[in-house]
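Quick heads-up: it's one chain on its own, the form predicted alone, in structure tokens.
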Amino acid sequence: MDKKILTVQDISCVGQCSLTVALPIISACGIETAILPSAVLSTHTGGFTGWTFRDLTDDIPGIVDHWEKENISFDAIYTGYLGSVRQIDLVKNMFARLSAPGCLKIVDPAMADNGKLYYGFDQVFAHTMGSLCGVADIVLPNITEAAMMTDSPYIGEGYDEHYIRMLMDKVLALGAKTVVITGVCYEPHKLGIAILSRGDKEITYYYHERLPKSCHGTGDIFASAFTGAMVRGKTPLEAARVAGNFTLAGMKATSEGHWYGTQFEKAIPVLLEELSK
């Protein structure tokens, strides 16, 4: 039977992030993709000014009620940026009401980077996001998010595997089954994706080239491709390879001066090639 994924996050109408990334990437994986927008913004907030914002929190319960009435359920539910504690609680409710048997619940706790929470978030939000991760099958934090959710010290560089293992163990202690930490760097020219599931003795890594630049939206690109690959039957390590190589290809394809996003569209052939392996 064909699979269906629901992704819950905001729509930034311009900016190549959130739902404008998740919908085309998961669809390119050959999987029916349903969306539940948490908010609508004219652009993302990273570098644009004067952007518009409409909170859709109050619309979510009615949408979920309608889907439940129509017996609509999903084989995977993937969450990205959520704007409030109330939205996190609504997602927990969705997990309980809209999950098909064996539903894969994937949480990207998109709330922080480079040692700081995003604008408007506080430690209460971080702890509440940690509780959502506790009912997920797979959690996809960066190092900052893992530290914030677990009240751990943030170390931006010069850390070792012991530090990463500590963070991963603490995220698993929240209740998640598997944690995948992105952006792990032990050597200057390589980035690692670290994977640890309950019961694993050792961390598994997938490494790829580290580019001398950054692009907006790479976390959303990685999480979307990872989710699509998992629902296609890949293991977490295989999904990390697919998503990591695709994200890297998108960054390489991004034109000089294209400052507000990653031109992942140019790298879709790489995604399809990686999925076929």
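So that there is no doubt, residue numbering starts at 1 and follows the sequence shown. The structure displayed is predicted, hence computed values, not measured ones.
We do not show the form predicted together with a small molecule, though everything after this point is about it.
Exactly one listed residue, out of 61, 233, 30, 46, brings a non-hydrogen atom to within 4.5 Å of the small molecule in the predicted bound form: 46. With the small molecule omitted here, the record of contacts in the predicted bound form names 212 to 220 of 248 to 256, 234 to 242, 65 to 73, 212 to 220, defined by a heavy atom within 4.5 Å. The small molecule in the predicted bound form comes within 4.5 Å of no heavy atom belonging to residue 262. Using a 4.5 angstroms threshold between heavy atoms, residue 17 counts as touching the small molecule in the predicted bound form. When the small molecule is considered in the predicted bound form, residue 125 lies well away from it, no heavy atom lying within 4.5 Å. When the small molecule is considered in the predicted bound form, residue 118 lines it closely, a heavy atom lying within 4.5 Å.
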